[in-house]
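Starting off, we have a lone chain in the form predicted alone, written out as structure tokens.
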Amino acid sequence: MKTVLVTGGAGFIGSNYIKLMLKKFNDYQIVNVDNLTYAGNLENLAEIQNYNRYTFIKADIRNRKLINKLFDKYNFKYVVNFAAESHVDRSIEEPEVFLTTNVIGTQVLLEAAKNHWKIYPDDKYSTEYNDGVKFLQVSTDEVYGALGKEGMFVETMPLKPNSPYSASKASADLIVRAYNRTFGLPINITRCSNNYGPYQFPEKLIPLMINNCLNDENLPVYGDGMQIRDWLHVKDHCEAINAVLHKGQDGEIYNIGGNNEKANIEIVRLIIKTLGKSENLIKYVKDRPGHDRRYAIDNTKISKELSWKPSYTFAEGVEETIQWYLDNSKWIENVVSGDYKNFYLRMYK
């Protein structure tokens, strides 16, 4: 039985990934460590909560003592690090939280992995590790900054983050790289484009617009709404992470995108049309500071080396996503209560 530490597994992408892994592999034990901050939601994992190959532990990845105890107890084969503060708007309000969780938390995990996987942990010059171990850092295309009207992000581009969130993720990526180059720790880094799909926290564009449409509330659109993103279905993203975990070359970075460039306002209008609402609901609001204009991912490397490609067209994926939110209104009601309401008022009112 191989034991996998998945951090941030109660979040949107992490919860989808855990369910994929349990379905795909019969010999994997998943330990999910999540601190259950605003975007962590155990309802995302209700269907597997009693699986004998799944364990949930509420914990902060910055807690060195506890993380080391978990490595001792479970003898992890892999670490897949989703744990991160991830909403750009929140990073503008509280950058320190993003820096400590995304940077220090990642370093805590790296140090624990190094110390437990290294064959000769007391020899600082040794780079010999147990067979088959790997630390996979799940990152974002936002670390590259913004593109002009042409071009796409490739793995060799310099990092030019423009928000506290993306800067914290870029910093974490560099620490992961350093542990590979200095200590020989087996690692991969993945950088994905904008995800969408079931169980996404409704601060993000697509679930936010769906929820507001269903409640006939204004649809807040930043600036002119012409910010362009490459949209990736979460299930395609999880399959790509799985491919990198098992087939990725040591030390390599892999970009993951959906080949679906869309302007934000285009998506908003599509959701309005699908739900039979009026475009009068659109309310343009002041653009956020440092808002990147365009992202686009070049998938060539992961496609050629690991034989992965996205399976969803955007039309298929967004239709399925809208239907999921229609079918899971109770999940939305539970999520948008409490802290979310306060945040929404601060951002858009």
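All residue numbers refer to positions in the sequence shown, first residue = 1. None of the values given here were measured: they were computed from a predicted structure.
Quick note: we don't show the form predicted in complex with a small molecule, though the next part is all about it.
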**Message:** How about residue 36 - does it come within 4.5 Å of the small molecule in the model of the complex, if we only consider non-hydrogen atoms?
**Reply:** yes
**Message:** I'd like to check something about residue 59: if you look in the model of the complex, is any of its heavy atoms closer than or equal to 4.5 Å to a heavy atom of the small molecule?
**Reply:** yes
**Message:** Although the partner isn't part of this model, could you tell me whether residue 194 comes within 4.5 Å of the small molecule in the model of the complex, counting any heavy atom of the residue?
**Reply:** yes
**Asked** According to a 4.5 angstroms non-hydrogen atom cut-off, is residue 233 in contact with the small molecule in the model of the complex?
**Response** no
**Site check 11, 84 and 101: each within 4.5 Å of the small molecule in the model of the complex by heavy atom** = yes
**Heavy atom contact within 4.5 Å of the small molecule in the model of the complex, the stretch among 118-126, 200-208, 244-252, 151-159** = 200-208
**Prompt:** Quick one: of 79, 176, 138, 240, which gets a non-hydrogen atom within 4.5 angstroms of the small molecule in the model of the complex?
**Reply:** 138
